[in-house]
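Read the single chain below, which is given as structure tokens and is the form predicted on its own.
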């Protein structure tokens, strides 16, 4: 393995084998083949047990030179269903499984003498450019990214104005008969509402294989996985799906904080992933932000990591994160029960480009104005008045 200098172990030291550092490794492998990269993961697989989905702008064209292999499944858009409305959102919708991500990372490491992945390597602490392993070994990197997962994230606390959670249980199911569903249903809220705003999310991987998720925008993080799993199987028939076998179960509790958790310093370590706030507070999804960090690290010389481009990146990310977290403050603080359901329906009447920019954390000032005030104001006073009037009529 090449080294950055006699005093350093590697150019890029990546702590944690989740989505964030997997993307960084893949970007560096493609764009900086001579850079030395070491990824440390305490588990035995990269990426855990997940399906990540992302919209057309979450993976920009500028990243496709290294990120195109991430696209395991792709559809031309997705469907939305509400009690009294439905719509189609046009634009690439893509998904990636943790198994696919693991293969990509391990293949990249096998193909390069400069890249090493160490599974089963627990890290107890990261200080500056040094990572301390459970066995006491110390490793140094010219750039260190600490992305050890949601468990390292800042706690949100409880209370009306602390935000909420997008939480879900998903079952990948083999069907008894093929489905004619050939595009995703991002949101179907025509189900019994409880625990906040509830909806079904469906990904058709093959005619006889689908992912069905029961998802909640909830005030509380508690999740009864066995009960919700049983409920998904029971609800499947009403969704036109006959379940023969459950192949895989996935559950998650994604933070939707009422204040931004984004933090980025001008020195090592870079706190990546959920712990550093590299996720969309308005959706709980992380791929768009993770791609942006991978793009930066793979596009600038290692010595310029914390230069002007870094300052521009974190300034833009900070603006987006604060805006999206403020929307959570309004939604979870003031909109409960049917009001939250009407709020979500109203938001998804926005144009396709506005929705895509929202998911990708690329809201422009006009988007922010539209989301806040035009057509469907998020202001507590305005929405409370409209919701009350709607309920009375």
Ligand SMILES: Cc1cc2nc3c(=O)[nH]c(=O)nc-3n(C[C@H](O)[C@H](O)[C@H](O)COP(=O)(O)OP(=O)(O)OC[C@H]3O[C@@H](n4cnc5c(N)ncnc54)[C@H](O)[C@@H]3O)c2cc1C
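These numbers come from a predicted model, not from an experiment. Numbering follows the first chain given and starts at 1.
Keep in mind the form predicted together with this ligand is missing from the figure; the text below concerns it.
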Query raised in the report: Which one, 121, 260, 305, 112, lies within 4.5 Å of this ligand in the predicted bound form by heavy atoms?
Result: 121
Query - Candidate from 241, 251, 130, 185 lying within 4.5 Å of this ligand in the predicted bound form - any heavy atom - result: 251
Report task. Among 269 to 277, 69 to 77, 294 to 302, 228 to 236, mark the stretch whose residues have heavy atoms within 4.5 Å of this ligand in the predicted bound form. Result -> 269 to 277
Query raised in the report: Going by a heavy atom distance of 4.5 Å, is residue 284 a contact of this ligand in the predicted bound form?
Result: yes
Requested in this report: Examine residue 149 and determine whether its closest non-hydrogen atom to this ligand in the predicted bound form is within 4.5 angstroms.
Outcome: yes
Query raised in the report: Is residue 345 close enough to touch this ligand in the predicted bound form, meaning at least one heavy atom pair within 4.5 Å?
Result: no
Query raised in the report: Using 4.5 Å between non-hydrogen atoms, is residue 19 touching this ligand in the predicted bound form?
Result: yes
